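One chain is shown next in structure tokens, namely the form predicted alone.
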């Protein structure tokens, strides 16, 4: 048994033994579970991929004379102004004004909130245009100016749902190509797409949320952020393998961090053909090895993780919950899976290579004593389920 305090003491003294979620698998095979639990202090997990439910709060400071922004756009991307005079929230999936919402033509570039966030972190100069109805205390009715992230008082990433614990494998059973947030899907199951770092992914290494909870410190695109709540659509319950690994989406995390400290290569705007825009983020989360059971769960392999295959032409939009079959991440990462006797080509929206890079960067920060672990102040729910939106007639 170890405690957070003991592990942080070892981090501060430069004695902490830190391995990535990939490295720990072979280490435990060589040393055995008991010996490894004594020797290793922290396992680093990570993921990199599109995370649509992301965004940021920006504070512009007050102009002279002052304005209370009632409508505002950054690079023609609408931001939400219902907060305070010069606070706005920019969502990652908001499209630029005039960008087609449904039709997408090859070669056409689509720009939106995720790209604005990428450009902000990269230090680019962006345009703000805002309107107001004017008040006695905020008389200015219109403003147009240019700014960089350094001109802002605060730029705080506030993401309601990141780090899905597991996710669907998308296929298309119809007779025409469809364009989805999981990428283009060719007809008659000619391809399949998935989005997860598998054995590196944070919540797959802590399936029962024993160390990851509200208050956990995370590596968020290079800055030190934290979990501020369970993520939206968090579902702690559901079907699991004998090892406790969820067989569907399950848990999610709500994350926040200072955008001024982020690294541009881990904050990337995403264009999804025929669907819209999103934001790809790099996230790393350390798992303290408090006991052998926690260590054992970090040894999860791609072959142990099952993902549901869903038809996105009918079953997904109709929300039927019908699963064609389950495949494991070792099969997915091979680039081909077998579905009902047919071989299907597979692509990934997430980058295992970038996730592994993040796991190593976080491990190096911990070894240097630059990243201390934070014990959760509250656990994530373990038995919740998501509720559907029920369409009802107005009550009399």
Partner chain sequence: MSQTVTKKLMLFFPRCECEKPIIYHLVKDHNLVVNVYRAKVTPEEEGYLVLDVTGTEEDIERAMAFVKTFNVSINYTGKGVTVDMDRCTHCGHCITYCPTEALYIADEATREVAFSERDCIECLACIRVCPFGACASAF
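Numbering follows the first chain given and starts at 1. Only a predicted model underlies this, so the values are computations on that prediction, with no experimental measurement involved.
Below, we turn to the form predicted together with the partner chain, even though it does not appear here.
Chemist: Please determine whether residue 28 contacts the partner chain in the predicted complex, using a 4.5 Å cut-off between heavy atoms.
Modeler: No - in the predicted complex, heavy atoms of residue 28 and the partner chain never come within 4.5 Å of each other.
Chemist: Looking at the partner-bound form in the predicted complex, is residue 311 within 4.5 Å of the partner chain by any heavy atom?
Modeler: Residue 311 lies outside the contact set for the partner chain.
Chemist: Does the partner chain come within 4.5 Å of any heavy atom of residue 53 in the predicted complex?
Modeler: It does not: once the partner chain is placed as it appears in the predicted complex, residue 53 has no heavy atom within 4.5 Å of it.
Chemist: Whether residue 367 contacts the partner chain in the predicted complex should be assessed with a 4.5 Å heavy atom distance threshold; does it?
Modeler: The answer is no: residue 367 has no heavy atom within 4.5 Å of the partner chain.
Chemist: In the predicted complex, which of 67 to 75, 141 to 149, 234 to 242, 265 to 273 comes within 4.5 Å of the partner chain (heavy atoms)?
Modeler: Contact-bearing stretch, as computed: 265 to 273.
Chemist: Let me know the one among 37, 349, 327, 361 whose heavy atoms come within 4.5 Å of the partner chain in the predicted complex, would you?
Modeler: So the residue touching the partner chain in the predicted complex, by this definition, is 349.
Chemist: Which of these residues, 93, 315, 193, 81, gets a heavy atom within 4.5 Å of the partner chain in the predicted complex?
Modeler: By the 4.5 Å heavy-atom cutoff, the listed residue in contact is 193.
Chemist: Within 275 to 305, which residues have a heavy atom closer than or equal to 4.5 Å from the partner chain in the predicted complex?
Modeler: Only a single residue, 280, comes within 4.5 Å of the partner.
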